[in-house]
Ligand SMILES: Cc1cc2nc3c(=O)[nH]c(=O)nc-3n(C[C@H](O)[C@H](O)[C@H](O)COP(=O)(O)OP(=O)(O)OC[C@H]3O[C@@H](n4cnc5c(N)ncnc54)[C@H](O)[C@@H]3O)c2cc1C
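Before any questions on how it binds or moves, here is one chain, the form predicted on its own, in structure tokens.
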């Protein structure tokens, strides 16, 4: 037999459901709540509005009062023949389907709590909170669905007043005298060169990832550090990753040498690390570029002319233990060398965007053999295209 429990008070909490409404033709949702326009609370029946729990399901009193106020505004506008939505903020849509492709499920961290014996007669917090490391790992579980929380803080700091939270996607047609295509580039994915260990070793980064680290608004507030938070004692910068290579792209990306030198200068300026630049040959062709190259050389950066064969964590000597080992050919010495470092920065190639062919077809312009847009003449008309009024600029050309 079922046990009998004596109680002074019994609370019945068996759930709720919307009561039957007089309008049988009113549209309802999967849980039988009434469907309404989220801004006006207008139902599918002309002149009928709804709000509160019968629309949202169980909610707090404040939400119900808010719904009543919004419904009253709509009814007043309806009776006066005024547009129901004009001047009213649009309700932010909830994300219904967050992409989970490639996401590895990770269990939630367990919140540390105060011991039972210390809770009696105490007002101390029971939940102790995460330490910094656990908090960071827990934050990484976020699927980053990109939903605005509508805190509206951005409106307060945007001096030009350029933010409109009620804006919707729309197609517009604009007549112009000319069109400039500056569609940019895609970065070559270094992970296809498996011997370089990108995405295998924590401290093998692309140039863009290192750029983000050095940014004051980045994940480390501009501090150059390893994955475990330590400052690197040695850094290798590898040029021409995916460019000037018959296996991937034979062309020179033209920017890697200079941003590799910039990274070397930043590392020498803000850390005590030893820096090694592995290059095929330095192409510092712009104004004052050669002088900058000389400046970085005088800072004590080590330049090694040769192609990197592989990056590994397999140590063959005492000084290589716990390090990333860059195995490369030094063409000036005429032999293979092993350089142990804490961090490796890969200067990855610039390649044409994946949608370049579609854009070229839309604007009736050509493409070179390397898929970038084709100019009319590389010297006499470097930004012109065969289509009058259409010009190309930046990395897409």
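Given the structure is predicted, the values throughout are model-derived calculations rather than measurements. Residue numbers count along the first chain shown, from 1.
Not pictured, yet referred to below: the form predicted in complex with this ligand.
- Proximity to this ligand in the model of the complex holds for all of 184, 255 and 359, with the criterion being a heavy atom within 4.5 Å.
- Taking a 4.5 Å heavy atom cutoff to this ligand in the model of the complex, the contact residue among 259, 292, 130, 303 is 259.
- Of the listed positions (208, 135, 110, 91), a single one reaches within 4.5 angstroms of this ligand by any non-hydrogen atom in the model of the complex, namely 208.
- Shown alone, this chain has one stretch from 262-270, 121-129, 102-110, 226-234 that lies within 4.5 Å of this ligand in the model of the complex by heavy atoms: 262-270.
- In the model of the complex, residue 390 stays away from this ligand, with no heavy atom inside 4.5 Å.
- The shortest heavy atom separation between residue 355 and this ligand in the model of the complex is within 4.5 Å.
- The closest non-hydrogen atom of residue 350 lies within 4.5 Å of this ligand in the model of the complex.
- Contact residues in stretch 289-318 (any heavy atom within 4.5 Å of this ligand, taken in the model of the complex) are absent; none meets the cut-off.
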